[in-house]
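Given as structure tokens, the chain that follows is alone and in the form predicted alone.
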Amino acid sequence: MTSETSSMVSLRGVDMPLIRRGSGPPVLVLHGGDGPVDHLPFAERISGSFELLHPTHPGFDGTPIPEHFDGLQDLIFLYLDLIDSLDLQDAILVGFSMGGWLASEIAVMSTGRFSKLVLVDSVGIKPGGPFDRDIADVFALSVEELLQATWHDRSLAPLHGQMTDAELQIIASDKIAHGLYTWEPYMHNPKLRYRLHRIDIPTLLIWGENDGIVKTEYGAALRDLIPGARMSVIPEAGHHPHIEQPGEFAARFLDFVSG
């Protein structure tokens, strides 16, 4: 078992929980709309070689949303402050889904503190026309449709019927925060596609082959906008390849960051 510490980082009046796991070169992990990923199996394997830094976005996992926050832009600048506060050097930046969008926005501003970028089933752009549904509407889909779009193996999906009231309340508040950061425009920044050329560090996109939220074609469009980026598709996985195929996910991540 690798070592783990938790702390609270205060950034201009905003308190962010931060979990550190493992030792080695730093990896900043930006979670998606489902909340923190520090407890998932892939993290244990990767933390044998790296120090994983897992902050929690304000509004997730029971944390408050600052009164002045009204979109992803606020989160971007909060993370720029966090990155400076941690004095990261040659770190690896990893983002999952909404966290991938956040990571991309940070990287187009500056990659000075990072050596590599990994985007996992990321949102953030709109490749198609105004009437094309590039990203599934996770707020409008029925429970059945959402399960179908998100998972290859639905037995791995969280079982809400077995959760406590406190756990269900956190899930509900996570959805509110997710909506605040991604609702308008839905799950993307129209200007980001014109800025991705600024990313000048090696970039890997890891994608679940059966992702119905953002399909592999979406991932390929995102890859093509980032100079030199490559894409690795994991079979038998949906929107969460790090959950459905944690061993394969960790192997592809480690191969990229160690190369």
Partner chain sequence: MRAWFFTEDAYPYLPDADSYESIRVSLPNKHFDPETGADLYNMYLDMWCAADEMGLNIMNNEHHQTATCMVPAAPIMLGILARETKKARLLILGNPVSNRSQPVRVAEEMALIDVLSRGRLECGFVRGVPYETAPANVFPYRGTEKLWEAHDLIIKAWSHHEGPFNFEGRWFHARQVNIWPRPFQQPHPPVWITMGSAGSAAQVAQRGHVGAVFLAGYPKIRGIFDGYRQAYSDTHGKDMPIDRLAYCALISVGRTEKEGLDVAEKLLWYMTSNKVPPQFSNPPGYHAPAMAATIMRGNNSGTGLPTATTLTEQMARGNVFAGTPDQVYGQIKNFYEYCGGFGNLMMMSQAGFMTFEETLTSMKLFSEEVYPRLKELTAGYDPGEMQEIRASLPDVENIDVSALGSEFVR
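Everything quoted here is computed from the prediction, not taken from an experiment. Positions refer to the first chain, counted from 1.
We do not show the form predicted in complex with its partner chain, though everything after this point is about it.
Checklist entry - Of the residues 171, 109, 147, 156, which one places a heavy atom within 4.5 Å of its partner chain in the predicted bound form? => result It is 171.
Next on the checklist: So if I measure heavy atom distances to its partner chain in the predicted bound form, which of the stretches 202-210, 45-53, 63-71, 216-224 falls within 4.5 Å?
Outcome noted: The contacting stretch is 63-71.
Next on the checklist: Can you tell me if residue 77 lies within 4.5 angstroms of its partner chain in the predicted bound form, counting non-hydrogen atoms only?
Outcome noted: Because no heavy atom of residue 77 falls inside 4.5 Å of its partner chain in the predicted bound form, the answer is no.
Checklist entry - Taking heavy atoms only, is residue 82 within 4.5 angstroms of its partner chain in the predicted bound form? => result Taking the distances in the predicted bound form, the answer for residue 82 is no, it never comes within 4.5 Å of its partner chain.
Checklist entry - Does residue 129 reach its partner chain in the predicted bound form, with heavy atoms at most 4.5 Å apart? => result Result no; residue 129 lies far from its partner chain in the predicted bound form.
Checklist entry - Does residue 88 reach its partner chain in the predicted bound form, with heavy atoms at most 4.5 Å apart? => result Taking the distances in the predicted bound form, the answer for residue 88 is no, it never comes within 4.5 Å of its partner chain.
Item to check | Contact set, 139-176 vs its partner chain in the predicted bound form - heavy atom within 4.5 angstroms | outcome: Those in contact are 139, 140, 141, 142, 160, 161, 163, 164, 165, 168, 169, 171, 172, 173, 175, 176.
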